[in-house]
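Just the one chain here, the form predicted on its own, laid out as structure tokens.
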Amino acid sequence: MIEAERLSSALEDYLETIYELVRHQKVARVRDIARARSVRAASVTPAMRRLADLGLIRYEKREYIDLTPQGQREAQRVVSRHQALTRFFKNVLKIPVKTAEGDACAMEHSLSAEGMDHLVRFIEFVHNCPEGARLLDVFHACVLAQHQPEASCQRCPMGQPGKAEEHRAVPLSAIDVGAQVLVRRIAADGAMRDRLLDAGLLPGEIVEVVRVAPGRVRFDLRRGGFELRLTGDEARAVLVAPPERNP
């Protein structure tokens, strides 16, 4: 395999485009590649020279472009990662197609062989094992997991606070100063959910309540040595284990 530092994500994208063009129309030309990637033909030529220097394509100016055996292997590696990631995002996580494709494009370049192996093993599990299929069915049927944060789930303890003490959760807004609590889930959607996840408020994280403003309209937290400020609405959307069940 080509060393990672020698083959950038941009070159991998060009290699993938050549692979798809050759696969569908038997030939690839500079103008075809430029059209497929929405770039000027003048910017394609330097990339083709670099791929040729690396022994991944056969390229002569104004001639058809073809993959070498090594180039075909490299292109297939990238395409396989793209396909696996896209299927995982679409079929397992139920991410919309356009977003799934974009995320797969962004991640395919950095997914390691070990990561690819574990991802495909999980996909094999949910598609071939009866227990895996049931797990996926439950996940897809869960109103809390499928972007309905205000819904009440009758199938699992996550949506029935009183039924399973080990899964019971309360809003962070109800926690007093000095308590350290375990994040269970984020009961929000859209921009608020994005902000809370980007702030590192993930399931299993420990946060400490440092300060609470009068009226509980603002909460200052400490997570991983850094301080984080939430509004009252945001704090109400962060569900945590009750203080008596925290470290």
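In case it trips you up, residue 1 is the first one in the sequence shown, and so on. All figures in this text were calculated on a predicted structure; none of them were measured in a lab.
One more form of this protein exists, namely the form predicted together with the DNA; it is left out here, but the text below deals with it.
Trainee: In the model of the complex, does each residue in the set Val30, Val39 and Ala42 place a non-hydrogen atom within 4.5 angstroms of the DNA?
Mentor: Looking in the model of the complex, the three residues Val30, Val39 and Ala42 all sit within 4.5 Å of the DNA (heavy atoms).
Trainee: Flag Arg211 as yes or no: does it have a non-hydrogen atom within 4.5 angstroms of any non-hydrogen atom of the DNA in the model of the complex?
Mentor: No, Arg211 sits far enough from the DNA in the model of the complex that none of its heavy atoms falls within 4.5 Å.
Trainee: Given that the partner is absent here, does Arg216 sit within 4.5 Å of the DNA in the model of the complex, heavy atoms only?
Mentor: Close contact is absent here: in the model of the complex, Arg216 is far from the DNA, nothing within 4.5 Å, heavy atoms only.
Trainee: Do Arg222 and the DNA come within 4.5 Å of each other in the model of the complex, heavy atoms counted?
Mentor: Arg222: no, not in contact with the DNA in the model of the complex.
Trainee: Could you confirm whether Arg193 comes within 4.5 Å of the DNA in the model of the complex, counting heavy atoms only?
Mentor: Looking in the model of the complex, residue contacts with the DNA do not include Arg193, since no heavy atom lies within 4.5 Å.
Trainee: Heavy atoms within 4.5 Å of the DNA in the model of the complex: which stretch among 179-187, 66-74, 43-51, 193-201?
Mentor: Stretch 43-51 is the one.
Trainee: Within 48-67, which residues have a heavy atom closer than or equal to 4.5 Å from the DNA in the model of the complex?
Mentor: Sequence-ordered list: Arg49, Arg50, Tyr59, Lys61, Arg62.
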